[in-house]
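Only one chain is included here, represented as structure tokens and corresponding to the form predicted on its own.
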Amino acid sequence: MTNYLEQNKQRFLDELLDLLRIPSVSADSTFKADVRRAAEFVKDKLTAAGLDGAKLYETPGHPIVYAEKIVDASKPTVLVYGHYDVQPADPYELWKTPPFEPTIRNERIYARGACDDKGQFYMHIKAIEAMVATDGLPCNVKVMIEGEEEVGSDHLGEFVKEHKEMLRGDVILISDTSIISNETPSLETGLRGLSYVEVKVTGPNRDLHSGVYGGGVANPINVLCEMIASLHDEEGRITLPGFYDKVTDLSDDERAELAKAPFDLEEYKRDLAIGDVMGESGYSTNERTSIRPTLDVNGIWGGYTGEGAKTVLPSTASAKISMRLVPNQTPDQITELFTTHFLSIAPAGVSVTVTPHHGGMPYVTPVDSVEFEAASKAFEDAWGKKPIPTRGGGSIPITALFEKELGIKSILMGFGLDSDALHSPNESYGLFNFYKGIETIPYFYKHYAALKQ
């Protein structure tokens, strides 16, 4: 298999670059045809990799791609999950090279979706291809790649419920997370959940002249900023009543284990070009970004933002707000708490609406399972050292649904880096990581097949 991987390295990369050229932005209807084109591309590559029955399953949104290879019904089955949709690339002017014209520089692929998640799920297709081509596939494999992860996977849940028998397996393998560094591999053992809302503050019934009306009526932008500022106290804690009621603190031993992950605070600050870090008092930066819940503004707008000056007092102001959740918090509960509180703090001079967008449950995977052991051994084979268990700060909402509907756990076997600039301009993915992932994944199948006997 090693020879096969080496002989086909350039083709694997060329195919990924072709996939990255497709602007499969699920959040923007302008790209609907491109999203479908990406789905067709994935379907064709699954067939070329030797999987059977590759097909697009239609949904009210974007299609789901599915294929499988059943080598022996008595052997364990791995279900691979990924997503071919990507985040919007805006603002385009901040990209050094066009986001959908993948460019390789300094041994990295720069393009929207390079790491999240095209580069990562495509590693699985190529690893499966290599195993099939060399008669080295020791497990059954099913592959499901969706096109709505970046907008909440609204239709995947119904698809899973309707196709439980087709999707039946023993473990779900997901590469949509990161490692500590290329020198220090790691396996994420949990993800935060998500509650995402949009808020709108409305004041006067039209935009007003700020000289004639300023000081006499509420300015929705000023009001919105004050309301948002009140959502954290001086200790960095979130002020929503009841927000922390179900949050369970990790034990000292558990926090000590997480603290074993290498972390250079000064390098962290240099990488982000910031003078200092900030967050909830009493917790390290790694803990704040993984095991603690958060509330952040993701976008804010209102009034005049064009060139030059326009002295306007705006009629409305809006913001998008996301809350990352930890085990025992649920998106429905937190969304309700936020809505109740945000409406209650609005002054009489404005009206407020809160519109929920999407959410997802937190997820924790056990480290004492044969599935986790197989993943750990796979990294050890490829890197020559055991991976460090970590907690991820991001969210993959479908993981909790998989466990609920299919009754199986997910292994978060990611190969990205925190510096890959996910969701940001100049997203990238290392060539080392892409090829190392393809090398590592077959080891998982090897160890899993042996451990499940």
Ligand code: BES
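Residue indices: 1-based, along the sequence shown. Because the structure is a prediction, the values reported are computed rather than measured.
Quick note: we don't show the form predicted together with this ligand, though the next part is all about it.
Contact annotation: residue 397 falls within 4.5 Å of this ligand in the predicted complex, judged by heavy atom distances. Although the partner is absent from this view, residue 423 contacts this ligand in the predicted complex, with a non-hydrogen atom inside 4.5 angstroms. Within this chain, residue 129 is remote from the site of this ligand in the predicted complex, having no heavy atom within 4.5 Å.
Within 4.5 Å of some heavy atom of this ligand in the predicted complex lies at least one heavy atom of residue 83. Stretch-level contact analysis of 203 to 211, 246 to 254, 185 to 193, 363 to 371 against this ligand in the predicted complex, using heavy atoms and a 4.5 Å limit, identifies 185 to 193. Though this ligand is absent from this view, in the predicted complex it lies within 4.5 Å of a heavy atom of just one residue from 219, 329, 178, 290, which is 178. Between this ligand and the residues 152, 76, 102, 302, the one pair within 4.5 Å by heavy atoms in the predicted complex involves 152.
Contact annotation for the candidate site: 68, 124 and 409 all lie away from this ligand in the predicted complex (no heavy atom within 4.5 Å).
Heavy atoms closer than or equal to 4.5 Å to this ligand in the predicted complex belong, across 315 to 340, to one residue only: 324.
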